[in-house]
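Consider the single chain below, provided in structure tokens and representing the form predicted on its own.
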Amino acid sequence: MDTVYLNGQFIPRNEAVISPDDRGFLFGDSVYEVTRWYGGYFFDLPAHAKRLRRSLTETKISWQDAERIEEISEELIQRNGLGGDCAIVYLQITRGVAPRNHAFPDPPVSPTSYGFAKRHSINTLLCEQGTSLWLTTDPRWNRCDIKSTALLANVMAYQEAHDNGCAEVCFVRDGLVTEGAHSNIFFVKNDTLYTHPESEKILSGITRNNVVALAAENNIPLIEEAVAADMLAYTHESFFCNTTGEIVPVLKIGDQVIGEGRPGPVTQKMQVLFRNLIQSMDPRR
């Protein structure tokens, strides 16, 4: 039976109960984090934990177990018998249960904390062959740097992409590409990588940040600069990256074929470097 984490306890999933007055349910007043487990170890768990703590700080949610993120994540893996599997851990913290009111509860209430672990494998075929992105206007709020559960705009855009045979969204704001519905996007022009700089317009992805670091360590030119949507025809390669999918080549964005319409050499090199980085984190090596 699946074991979940709820408000400091590890309990069977079918015993987990959350109040309908929880602000996460009523307002999406909550933050979350997703971490990947590679059959024996987490990928960059400290960075994920740091980002979740930052989201809590930015939303002024005070969670007493914020220093136990790593411990809770590990225990969810072990209690669910996933030690040897590829899996993800999901943690969500809401502002807590209170009568519906836009203002924060006064006096403050205890946050609701919930977490689970489940098997999740990489789509290796997608990583090898590449995919298309759905080009659309970015309708989201101006604090995309906070990993909030208020994801309706992302969900609506992603469903539109899915309905049109695309694997992800390419958001455009003020004529510039920002990111995907749940990923960061990179472009290659003349062997130089480009990606939107960290700001309130994008989520600072853990995979993104590791790609940026890998490029620097391997003398691959990289510029953190937004790419204009009307310049897509002049880019030679593209890929998107995230925790659950790693690095995925992009062959087409909207009606525009990218480069030669197949995974390019810089993208493939980054895939190899990232795979080596993942394996280097294995404590058994």
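The structure presented is a predicted model; accordingly, all values stated were derived computationally and were not measured. Start at 1 with the first residue shown and count on from there.
The form predicted together with a further copy of the same chain exists for this protein as well; it is not shown, and the discussion that follows is about that form.
When a further copy of the same chain is placed as it is in the predicted bound form, are V227, A233 and K269 each within 4.5 Å of it, taking any non-hydrogen atom of the residue?
No: none of V227, A233 and K269 comes within 4.5 Å of a further copy of the same chain in the predicted bound form.
Name the stretch: of 70 to 78, 152 to 160, 191 to 199, 208 to 216, exactly one has residues whose heavy atoms fall within 4.5 Å of a further copy of the same chain in the predicted bound form.
Answer to the contact question: 152 to 160.
Given that a further copy of the same chain is not shown alongside this chain, does R275 nevertheless sit within 4.5 Å of it in the predicted bound form, heavy atom to heavy atom?
R275 lies outside the contact set for a further copy of the same chain.
Any non-hydrogen atom of S204 within 4.5 angstroms of a further copy of the same chain in the predicted bound form
It does not: once a further copy of the same chain is placed as it appears in the predicted bound form, S204 has no heavy atom within 4.5 Å of it.
4.5 Å heavy atom contact, I146 and a further copy of the same chain in the predicted bound form:
Although a further copy of the same chain is absent here, I146 would touch it in the predicted bound form, with heavy atoms inside 4.5 Å.
Contact label in the predicted bound form: P139 to a further copy of the same chain, heavy atom within 4.5 Å:
Because a heavy atom of P139 falls inside 4.5 Å of a further copy of the same chain in the predicted bound form, the answer is yes.
By the heavy atom within 4.5 Å rule, which residue out of C166, I185, A87, A181 makes contact with a further copy of the same chain in the predicted bound form?
For this set of options, the contacting one is A181.
Partner contacts in the predicted bound form for 9 to 25 (non-hydrogen atom within 4.5 angstroms of a further copy of the same chain):
Read in sequence order, the residues that approach a further copy of the same chain (within 4.5 Å, in the predicted bound form) are R13, A16, V17, I18, S19, P20, D21, D22, R23, G24, F25.
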